[in-house]
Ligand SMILES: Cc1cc2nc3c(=O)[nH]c(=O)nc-3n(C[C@H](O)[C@H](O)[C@H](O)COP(=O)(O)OP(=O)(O)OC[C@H]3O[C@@H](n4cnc5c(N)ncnc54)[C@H](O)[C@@H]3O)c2cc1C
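The chain below stands alone and is given in structure tokens; this is the form predicted on its own.
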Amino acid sequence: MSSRIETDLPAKLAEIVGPRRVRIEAERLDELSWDALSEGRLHPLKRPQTALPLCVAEPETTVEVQAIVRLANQEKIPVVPFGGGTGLMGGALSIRPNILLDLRGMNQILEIDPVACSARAQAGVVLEALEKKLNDAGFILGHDPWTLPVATVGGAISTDSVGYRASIYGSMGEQVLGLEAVMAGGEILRTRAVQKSSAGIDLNALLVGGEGCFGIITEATVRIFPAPEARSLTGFRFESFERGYTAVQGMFSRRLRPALIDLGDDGEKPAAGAVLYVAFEGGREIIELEAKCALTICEQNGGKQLPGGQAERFWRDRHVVARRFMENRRQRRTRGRDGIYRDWIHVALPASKVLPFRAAAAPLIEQRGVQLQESGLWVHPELFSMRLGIEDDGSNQAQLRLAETIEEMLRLAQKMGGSMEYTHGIGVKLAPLMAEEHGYGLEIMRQIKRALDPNGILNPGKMGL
């Protein structure tokens, strides 16, 4: 990249979006060069090189994104799409000088179709803003992650993220009906927003979970759902995680459709039992029957019902962390500098392998001197999580031990037929494990990437591509 291009770039971008929507201030470039991946969660021997963006462009229309991408492709300048900045795997990190495409100005809710149960919105619409607009119309979005007040429509689709209500409504990707995206050469891809099509392969799947590597999502049509007539929310305490897990499996084997399943160890005391929150939403008569059946299953497995206020607090406070993040976006980057390194895994496993995986992981964690702070289940019996921590003993080895423990556990999940991640995407953090995850499938992804993006400008260095 020549110095002339770098010098002329802000002016060229200003011709597209106007000078006020081109940012070159050092503080702004630094702020948007990093997402919510903390430095303490990066493997110290596999830390990617990072760089500041050359400038930030703030488009408001698909046509503007198209013009920016055409310019970038012509000059072979990388483009990194940026939404809410809540990604936990470094999917929006600037690892080469680039045009940082801040999509938050594309914040228009274009249409709500109550008959088709769909909504069309630009990629930069914040999920909470869409949720509130839908509530006014008697609907809900269905996708309800902890990042609801910050995350954007495009970002949630790009990682195919999972929210609290995904048990019944599905992941964000499963809610997509149609997409509009700008491809690397500036072409605009539009898919038909219909329930089902057998007219060729599903091109939405190219972009869902693609982290902006194959195309930049500019607009989405997503499913919406009638606001539930009623909700039943209950908490239970079990003497062990295993008993709680058996209860969850019992619900799903009975074909109950909970809106929420959240099972976890009791705080940071895994030996002290487990707490399960379960919710049902929908018609009042149906959820009363489902809640009664769930109560019976939990009691048969030794579950003791918690005071109602505890479950309500859990539901009320589910977005608190995101609101703290909004107050100081830089805080997540520096987490791990307080003398404690923390990380977690979110693996998808066959339901029959969840408890064996948990049992096999325990000695691996102990052998490395890492503390298991919590294990949990979210949304479905197959989606399992663990939170780990280690104190920095001053030897500069704590972070390395934690990172190696995490990778060993992810490889164990892969060997047991599972996937290493089910909600946050890959970014740069898990990119080194993509070959073990996909085998020859990774080469197929790379071939698609080369065919669609021969100059490698779209979010380079992510997903092992």
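From a predicted model like this one, the values you see are computed outputs, not experimental measurements. Position 1 is the first residue in the sequence shown; the rest follow in order.
The same protein also has a form predicted in complex with this ligand, omitted here; what follows describes it.
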Does the 4.5 Å heavy atom contact test between residue 420 and this ligand in the predicted complex come out positive?
-> no
Give a yes/no on whether residue 409 approaches this ligand to within 4.5 Å in the predicted complex, heavy atoms considered.
-> no
Answer for residue 321 alone: is it within 4.5 Å of this ligand in the predicted complex, judged on heavy atom distances?
-> yes
So, in the predicted complex, is residue 378 in contact with this ligand at a 4.5 angstroms heavy atom limit?
-> yes
Are 167, 173 and 277 jointly within 4.5 Å of this ligand in the predicted complex, each by at least one heavy atom?
-> no
Proximity to this ligand in the predicted complex (heavy atom, within 4.5 Å), stretch among 369-377, 128-136, 67-75, 205-213 | 205-213
252, 225, 314, 146: which sits within 4.5 Å of this ligand in the predicted complex by any heavy atom?
-> 146
Picking from 361, 151, 347, 297, the single residue whose non-hydrogen atoms come within 4.5 angstroms of this ligand in the predicted complex is 151
Relative to this ligand in the predicted complex, which residues of 217-246 have a heavy atom no more than 4.5 Å away?
-> 217
